[in-house]
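A lone chain, given as structure tokens: the form predicted on its own.
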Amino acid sequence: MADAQKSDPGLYDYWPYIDRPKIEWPNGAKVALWVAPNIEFYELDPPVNPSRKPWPRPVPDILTYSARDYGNRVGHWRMMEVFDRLGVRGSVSLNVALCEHHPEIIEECVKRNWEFYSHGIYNTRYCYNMDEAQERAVIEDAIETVKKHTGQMIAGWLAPALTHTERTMDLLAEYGILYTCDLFCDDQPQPVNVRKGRFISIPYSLEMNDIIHYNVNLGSPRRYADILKANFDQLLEEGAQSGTVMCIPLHAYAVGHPHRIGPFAEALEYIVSHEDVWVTTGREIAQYYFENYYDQTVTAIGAANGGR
């Protein structure tokens, strides 16, 4: 038992996909779809973190820096046009320093009533090795900056470059944040074990993430569109039994290129054309889940795990 505890961080309980209480999304939808544009800023010469280098080449890595900058200069605007045409609101995974670097992007998102949640201050500043005071400062900076520039209280968190400490989830719950995108263990929302309060994981996705597809799996634009549609079709079928969640994480410096945007737009149009899809935001999924399913889920998980 001791060895098992060492190998499991205990952030969530095991709960098989079968025989769960049924989730019913608004208006009978089978799938809750949320689209998460990562709007990011990468520093050319960030502070050194002993656990990870931000750039693969020696500083100044202007090649990689400028490739990332394409998203804020060009790709975001191209992606936003697709969202406008299809009636999709983004749930922005935001490097909050971008509020100061490119406020015009933030203003356009606010006009469209997009959600903003935190993706750290910069995508080149990692949480590895932070003490509690430093991590609290990052969370407080995110809350205050987004509130100042958008009027929103952030509801969600995607750690910068997916980096954490052992206390991250506890601190997020303490500050009143509702959900994390950093757990990839399910296709439905799940309670997260924290010291105090209520906190959930909402399905994000590495498999549907454009960066993973293009930069890791080296896939084509047409293949990405096919994967999005196949993933949706399966979740729609399963959602007839109990509501599922599909997230499409995007990066404007990837999907926003001219040869990639067309196939992506076709796939998104295919998905939102279905009547039994709730096209929504991360915040709205979290709020609906807390209001309707959180308590019964905690009870069901406890029963499935011997009353724990």
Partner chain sequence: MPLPPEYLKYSRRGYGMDQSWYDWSMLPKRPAVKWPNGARLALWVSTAVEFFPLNPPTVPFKAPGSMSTPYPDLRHYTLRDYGNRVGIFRIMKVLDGLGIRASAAVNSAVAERTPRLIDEIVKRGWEILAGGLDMGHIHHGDLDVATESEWIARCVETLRQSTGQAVTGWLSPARSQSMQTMNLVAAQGIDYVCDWVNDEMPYPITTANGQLVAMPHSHEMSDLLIIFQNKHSEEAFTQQLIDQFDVLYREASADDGRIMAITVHPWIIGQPHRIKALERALAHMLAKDDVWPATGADILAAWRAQQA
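Predicted model only: the values in this text are computed from it and were never measured. Numbering follows the first chain given and starts at 1.
Note that the form predicted in complex with its partner chain isn't included here; everything after this is about it.
Within this chain, M153 is remote from the site of its partner chain in the model of the complex, having no heavy atom within 4.5 Å. Within 4.5 Å of any heavy atom of its partner chain in the model of the complex lies no heavy atom of F184. Taking the partner from the other structure, its partner chain in the model of the complex has no heavy atom within 4.5 Å of any heavy atom of F264. Shown alone here, R198 lies farther than 4.5 Å from its partner chain in the model of the complex, counting heavy atoms only.
Across the proposed site, K229, Q241 and I285 without exception lack any heavy atom within 4.5 Å of its partner chain in the model of the complex. The stretch that touches its partner chain in the model of the complex, counting heavy atoms within 4.5 Å, is 219-227, out of 170-178, 187-195, 219-227, 201-209.
Shown without its partner, this chain lists A161, L236, M130, V88 as candidates; in the model of the complex, only M130 has a non-hydrogen atom within 4.5 angstroms of its partner chain. Heavy atoms closer than or equal to 4.5 Å to its partner chain in the model of the complex belong, across 116-143, to the residues I121, Y122, T124, R125, Y126, Y128, N129, M130, D131, Q134, A137, V138, D141, ordered by sequence position.
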